[in-house]
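Just the one chain here, the form predicted alone, laid out as structure tokens.
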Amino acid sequence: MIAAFFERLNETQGLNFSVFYDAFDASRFLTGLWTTSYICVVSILASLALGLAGVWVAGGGSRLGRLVVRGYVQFFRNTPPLVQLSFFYFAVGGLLPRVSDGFGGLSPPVSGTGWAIIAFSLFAGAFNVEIFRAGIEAVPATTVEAAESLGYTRLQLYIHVVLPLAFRICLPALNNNLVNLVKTTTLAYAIGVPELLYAASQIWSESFNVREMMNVLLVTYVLLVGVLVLVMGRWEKAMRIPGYTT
């Protein structure tokens, strides 16, 4: 019924939403949606892990570790994500030796999707380090001292006291950074990753329906970001501590 409606809309009004009635276009668009979702989920998880690892090292006693984290944050925070992606894909990827593709040929060891995940994870991870650092520094010193007086090790202090409180404090900023990460995934188009924008551009270049595909693309990204905001909102609600208002 939906396919018939949009096919009729094209015939009568000239509004060609081909992804809703053409099986080939729908398949390409869904493949782009899957690729974008995959890049988003893996990059978000990796950036969170990088942020936690970075803030752990930055708060440790190693001067070298602190310098490395500081350099990492400054490098990825002060350079455009498209330049970072191009650097990894063309400069770093070009230095890696080719591997067998199993069909008698050679292929790069890391795909375009892999480089996109690496670049976006490092980019968002640099911001997450600063977000987590701000959250940890906002935890009252008396709370930390009380835990230390009870004999908590540094790891136990982070897991049971500091991080639960810090997460609650930094979730709004973390939410903004992860939303920005989802929107940044469109840059993968530049290295030929078949994500949503790439799939949409293929469709409109063949079907000449730029206006319709741009509307579909915008609505799809609004829904993707909406899902992320909903998840983060529920996480923030679950992390709320009654009586803790810092």
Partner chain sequence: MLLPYRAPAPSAPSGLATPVLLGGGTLAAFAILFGASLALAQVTARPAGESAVTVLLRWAPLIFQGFLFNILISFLSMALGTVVGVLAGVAQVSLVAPLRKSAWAVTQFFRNAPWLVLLFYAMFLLPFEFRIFGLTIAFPAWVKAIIGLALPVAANVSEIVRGGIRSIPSGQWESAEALAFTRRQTMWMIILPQAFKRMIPPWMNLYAILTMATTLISVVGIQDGLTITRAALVAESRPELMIPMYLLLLLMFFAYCYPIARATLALERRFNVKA
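Here the structure is a predicted model, which means the values were calculated and not measured. Numbering follows the first chain given and starts at 1.
Separately, the form predicted together with its partner chain exists; it is not shown, and the next lines address it.
The candidate site formed by A26, A126 and I131 is entirely out of contact with its partner chain in the predicted complex, as no residue has a non-hydrogen atom within 4.5 angstroms of it. Residue contact with its partner chain in the predicted complex: L48 places no heavy atom within 4.5 Å of it. Remark: G59 counts among the residues lining its partner chain in the predicted complex, judged by a heavy atom distance of 4.5 Å or less.
Contact between I169 and its partner chain in the predicted complex is not found at the 4.5 Å heavy atom cutoff. By the criterion of a heavy atom within 4.5 Å, G71 is counted among the residues contacting its partner chain in the predicted complex. Checked against its partner chain in the predicted complex, the residues T31, S37, S207, T186 give one hit for a heavy atom within 4.5 Å, which is T186. Shown here without its partner chain, the chain has A58, G59, G61, R70, G71, Q74, F75, R77, N78, T79, P80, P81, L82, V83, Q84, S86, F87, F90, A91 in 58-91 lying with a heavy atom within 4.5 Å of that partner in the predicted complex.
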